[in-house]
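Just the one chain here, the form predicted on its own, laid out as structure tokens.
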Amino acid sequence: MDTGALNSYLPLYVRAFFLTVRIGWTGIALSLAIGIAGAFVLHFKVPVLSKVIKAYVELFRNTPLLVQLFFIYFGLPKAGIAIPAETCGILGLGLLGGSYMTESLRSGLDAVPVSQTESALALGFTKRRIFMYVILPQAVISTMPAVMANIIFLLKETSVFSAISLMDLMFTAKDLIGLYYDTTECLFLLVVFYMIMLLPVSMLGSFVEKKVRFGIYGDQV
């Protein structure tokens, strides 16, 4: 292992790391917003929109992110819609993640007893307030493992952004390997930075899940 090469490449990986994190977490935020909206539509069976959401979920869950990015980055300009690479990455990750988040949150929403919705309606709550303050908190608790798994999955999917010329971690590694042939050093740094990005998220997810479950069931222990 050439420590001189590691020190030389480190600033490039740091820059790529922050770009990857920024795009990744912005895309995740978009996916959560889409997931909440989509789950709301599917749970309450909103006419027409529910069919649109189902079609969207099936389309994006059954096509690779790379294909979606190619369509957005290379295909849309043919129709006169040019999107910057970074925005393309955020949009692609958000749409892919939104399809998974929609299904995860919908399953959690459907698991909430109907009697709670009926009780809230009897108290005069609107459907929006029932969703936000009665159903959604319980759904989030029950779907926390799936949501955290989706977040980790989406962060790992950022590795395909190099295909649309984004200087992310994977692009940096491949570029340096192609230029200097320091394969071991470049891959080592790539693994280290992905661990830095993913391991805290995994640990935080496990911690939050335990805390949430203890808050619900702690009195029964």
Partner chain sequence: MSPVIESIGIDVLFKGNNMMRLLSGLMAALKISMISVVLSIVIGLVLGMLMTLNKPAIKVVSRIYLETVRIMPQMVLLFIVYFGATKAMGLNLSAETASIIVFTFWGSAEMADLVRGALISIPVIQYESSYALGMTGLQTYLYVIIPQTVRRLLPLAINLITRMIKTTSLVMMIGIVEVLKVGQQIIEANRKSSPNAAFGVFATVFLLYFIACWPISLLSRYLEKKAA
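Positions refer to the first chain, counted from 1. Small disclaimer: the values here were computed from a predicted structure and weren't measured.
The same protein also exists as the form predicted together with the partner chain; that form is not shown, yet it is the one meant from here on.
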With the partner chain left out of view, choose which of 67, 46, 167, 29 has a non-hydrogen atom within 4.5 angstroms of it in the predicted complex.
-> 67
Check, residue by residue, if 50, 127 and 133 all come within 4.5 Å of the partner chain in the predicted complex, counting heavy atoms only.
-> no
Stretch in contact, per heavy atom within 4.5 angstroms of the partner chain in the predicted complex, of 71 to 79, 84 to 92, 133 to 141, 112 to 120 = 71 to 79
Should residue 179 be classed as touching the partner chain in the predicted complex when contacts are defined as heavy atoms within 4.5 Å?
-> no
Partner proximity in the predicted complex: residue 33 to the partner chain, non-hydrogen atom cutoff 4.5 Å | no
Though only this chain appears here, would residue 40 touch the partner chain in the predicted complex if you measure heavy atom gaps against 4.5 Å?
-> no
Taking heavy atoms only, is residue 14 within 4.5 angstroms of the partner chain in the predicted complex?
-> no
For the stretch 150 to 171, return the residues whose heavy atoms include at least one within 4.5 Å of the partner chain in the predicted complex, in the order they occur.
-> 152, 156, 159, 160, 162, 163, 170
